[in-house]
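Single chain ahead, written as structure tokens, the form predicted on its own.
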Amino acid sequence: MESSGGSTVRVLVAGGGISGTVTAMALKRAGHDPVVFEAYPAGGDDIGAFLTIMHNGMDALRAIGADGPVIDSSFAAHGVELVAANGETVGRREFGTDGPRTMTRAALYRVLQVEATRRGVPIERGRRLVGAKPDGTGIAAEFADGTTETGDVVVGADGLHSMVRKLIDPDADAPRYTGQTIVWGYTRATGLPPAAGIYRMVRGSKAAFGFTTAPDGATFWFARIPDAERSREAIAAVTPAGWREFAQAAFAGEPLPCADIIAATGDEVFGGHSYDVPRTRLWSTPEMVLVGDAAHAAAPADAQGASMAIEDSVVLAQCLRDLPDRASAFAAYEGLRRERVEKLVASSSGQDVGEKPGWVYAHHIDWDAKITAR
């Protein structure tokens, strides 16, 4: 099968997470030949965090017909309610019926991988990319198990600490610590304040908190807490009880439901530092290109990490479909994406980017639109 822009391209996708599986599905739809290499033996596993795919992310999934499995495995919220430190509700915004979807990250990985497999995309597990070199006609990827694979393109969908980013530019900036630690939790305890159909966002005096109630009664919550940066080893050593105590301390003594919700949570509580990538100097070489957090990562304030990655994936596939060579495809992709994602990273870090509220959500991708060279 050939794409409209030229011959079929064999694409080696490094990373079996959100951006990797969506990129592979979009490339398959565009007439190319993707294969996904996932570093972990069980690609649906994760540390336990949940996430929200916002309107624009669902729109991008809809562009390639992949929204259905996500809808079936998630729940919706139709608005957000803002609560001040004194417990007073100070604002509300309606999302409408096509609003964001919430699910665990592990569940999202699983449903996307199942859908990619159903569409004929091979997923090779336990294959961690550690190197890649042009071989004259394309590129040879090297894996930690000593094996190699050859293809025309390597897509770096390998996340915040991307190996492909380093291969493209050894001097690329490292991810930047945002000064916040994020703690997530779930509880099925009864008697907690309900937030069915909405996200209730609380601004405490020391930290921010958000929660929503799933249709089965489970409360999903997160806290964004100012914190000094600790080593990866120190973060990995924190127990669920330790994360619970850390989060409770941030809301102790305040007239808010946050501390009660945290106290009602058992071992389903997880934490980690928040990092962003404000700007990546080089997004591509003639044989390699970045998507998602490998190219740009934002603080979680706007809940756009997954959605921006999904947008990248679809647009990259359109560019490789419609343009006659990789150089023009990669240039068009970067031209279409860089300004938007860098503005989102800035907005998520609290900067005024000069846009109206909700500017991110209104983005629409038309799969049938023809991409032209830039």
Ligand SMILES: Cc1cc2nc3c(=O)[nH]c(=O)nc-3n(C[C@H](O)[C@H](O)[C@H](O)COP(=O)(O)OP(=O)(O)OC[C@H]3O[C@@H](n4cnc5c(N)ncnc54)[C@H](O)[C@@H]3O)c2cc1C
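One rule holds for the numbers: they count along the sequence shown, beginning at 1. This structure is a prediction, so every number in the text was calculated from the model and none was measured.
Keep in mind that the form predicted in complex with the ligand is missing from the display, and what follows is about it.
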{"query": "99, 212 and 269 all contacting the ligand in the predicted complex, non-hydrogen atom within 4.5 Å", "finding": "no"}
{"query": "Interface residue in the predicted complex among 243, 283, 251, 109, criterion: non-hydrogen atom within 4.5 angstroms of the ligand", "finding": "109"}
{"query": "One residue of 39, 346, 35, 336 in contact with the ligand, assessed in the predicted complex (non-hydrogen atom, 4.5 angstroms)", "finding": "39"}
{"query": "Contact of residue 320 with the ligand in the predicted complex (heavy atom, 4.5 Å)", "finding": "no"}
{"query": "Residue contact check: residue 9 to the ligand in the predicted complex, 4.5 Å heavy atom", "finding": "no"}
{"query": "Exercise: residue 129 in contact with the ligand in the predicted complex, heavy atom 4.5 Å", "finding": "yes"}
{"query": "Partner contact for residue 50 in the predicted complex: the ligand, 4.5 angstroms, heavy atom", "finding": "yes"}
{"query": "Residue stretch of 26-34, 328-336, 58-66, 301-309 approaching the ligand in the predicted complex, non-hydrogen atom distance within 4.5 Å", "finding": "301-309"}
{"query": "Neighbours of the ligand in the predicted complex among 162-183 [non-hydrogen atom within 4.5 angstroms]", "finding": "163"}
